[in-house]
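Before any questions on binding or motion, here is one chain by itself as structure tokens, the form predicted alone.
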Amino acid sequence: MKRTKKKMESVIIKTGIKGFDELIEGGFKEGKIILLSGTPGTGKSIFAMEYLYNGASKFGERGLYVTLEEKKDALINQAMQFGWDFKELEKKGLLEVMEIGIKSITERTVQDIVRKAKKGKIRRLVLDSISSLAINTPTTYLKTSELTEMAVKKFVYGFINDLRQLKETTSLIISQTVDGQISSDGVSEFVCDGIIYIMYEAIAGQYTRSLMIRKMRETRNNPDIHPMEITHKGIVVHPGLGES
């Protein structure tokens, strides 16, 4: 397993995504939890899948994709469109897709994920998505039969903090933006160590994607808005305005 060390022996986890790692001093710091946020169709799941695929295929790091939205087969088929053979990596024990139905979410769900990650020595974890998790907050957190903002925040806050038990696992948590907010739950952007925000906008009559790093604790990051492209081989992040 190839790992890069910087400053005080911090382990750097490279995403392997073209044009991205140089924006954050070479990659994520090991054990950090990163929020990957954007509107539907921006490429969040593709970014996350490539993060896991590169980790397994290039660096020999085991990955776990926890999906609360897509069916496992649909996600595997989507990955294959980019040449990422998740089934082959599963056979080698380097990657697993864990499908959790929204009706199966309980207060024990996070501990189930933590146990699986520890047992499988998972180095890269993706949760897709915190938005689905939030709207299915277990009834044990509710004082009434309806969701309350405080109950959702309490559940999401506790869920993310429980993931910190995974000291050697670097996690990406996907979230949908709502009404200009970074997340739909209103708390994950404060709890997570970093925020990657992907935008999909109409410019000069054409839709374009762009990526911005809103924060990255303990890491100097490039704050510019960077054009982002989804190619047949995966994601490419281009230099921002004013960069060579």
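Residues carry their position along the shown sequence, with the first being 1. Predicted model only: the values in this text are computed from it and were never measured.
Form predicted in complex with a small molecule: not shown, discussed below.
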Quiz item: Looking at the small molecule in the predicted bound form, do all three of T42, S45 and Q78 come within 4.5 Å of it through at least one heavy atom?
Solution: yes
Exercise. Could you work out which of K29, R62, R209, K215 is the residue within 4.5 angstroms of the small molecule in the predicted bound form, going by heavy atoms?
Key: R209
Quiz item: Of the options Q176, T67, T219, N54, which one has a non-hydrogen atom that comes within 4.5 Å of the small molecule in the predicted bound form?
Solution: Q176
Quiz item: Does at least one non-hydrogen atom of V11 fall within 4.5 angstroms of the small molecule in the predicted bound form?
Solution: no
Self-check item: Residue contact check: F82 to the small molecule in the predicted bound form, 4.5 Å heavy atom
Solution: yes
Exercise. Although the small molecule is absent from this view, report whether V236 comes within 4.5 Å of it in the predicted bound form, heavy atoms only.
Key: no
Quiz item: Even though the small molecule is not shown here, does I225 get within 4.5 Å of it in the predicted bound form, heavy atoms only?
Solution: no
